[in-house]
Ligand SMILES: N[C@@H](CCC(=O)N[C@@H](CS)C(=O)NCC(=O)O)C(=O)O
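Below you will find one chain, with nothing else, as structure tokens; this is the form predicted on its own, and questions on how it binds or moves follow later.
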Amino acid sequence: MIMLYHAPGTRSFRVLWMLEELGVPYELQMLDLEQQEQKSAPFLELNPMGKVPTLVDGRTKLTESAAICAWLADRFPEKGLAPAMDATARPDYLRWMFFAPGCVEPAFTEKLNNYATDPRQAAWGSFDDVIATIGPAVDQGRYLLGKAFCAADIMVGSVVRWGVFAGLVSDPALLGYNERLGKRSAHQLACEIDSELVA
């Protein structure tokens, strides 16, 4: 059985959404971040960073949301959430999977907190560069790889969702993308689960 160590309102939402998209059995193990349960000795054995998400599936232990989502997509290839290893779309898929934590998150965080990093030191580029990169890929009703939704849409889409909520995103292409993602039944179910856990 897949076990997801989870806390509502965190990056763990991505893995929760991914699991709902896959439609495979899983269990949630809640961690109370206010009580610092993520810093307990047993949990630190699973994830020395003391963060969520952390996923355990038999002997497999994984941390970092992009790595977990990439692994799950490959673990269940019949679900179609990742191009096959030899597919022409595979390189673009991998680029988008790691574009989310490597570029989108830091650029959005920088924008939200109103600070600037020397462009020579900002490996993520800039907020405007990130928006200009995502926008054309998801314009006109597309997902990142075209017509097919994939795990990379969970990674990038979850940060776009946060950016819309924070009032950072006004680009019409990204707003439309966020709206399309929000209509997916797995996304809606993951949101319901996450909201119920907060209450």
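Treat the numbers as computed from the prediction; the structure is a model and nothing was measured. Quick note: we count residues from 1 along the sequence shown, nothing fancier.
Just so you know, the form predicted in complex with the named molecule exists too; it's not on screen, but the next bit is about it.
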Does Val52 make contact with the named molecule in the predicted bound form, using a 4.5 Å heavy atom cut-off? yes
Is Leu33 one of the residues lying within 4.5 Å of the named molecule in the predicted bound form, judged by heavy atom distances? yes
With heavy atoms only and a cut-off of 4.5 Å, decide whether Lys39 touches the named molecule in the predicted bound form. yes
I'd like to know whether Asp139 contacts the named molecule in the predicted bound form, with contact meaning heavy atoms within 4.5 angstroms. no
Residue stretch of 156 to 164, 169 to 177, 64 to 72, 141 to 149 approaching the named molecule in the predicted bound form, non-hydrogen atom distance within 4.5 Å: 64 to 72
Along 1 to 31, which positions have a non-hydrogen atom within 4.5 Å of the named molecule in the predicted bound form? Thr10, Arg11, Arg14
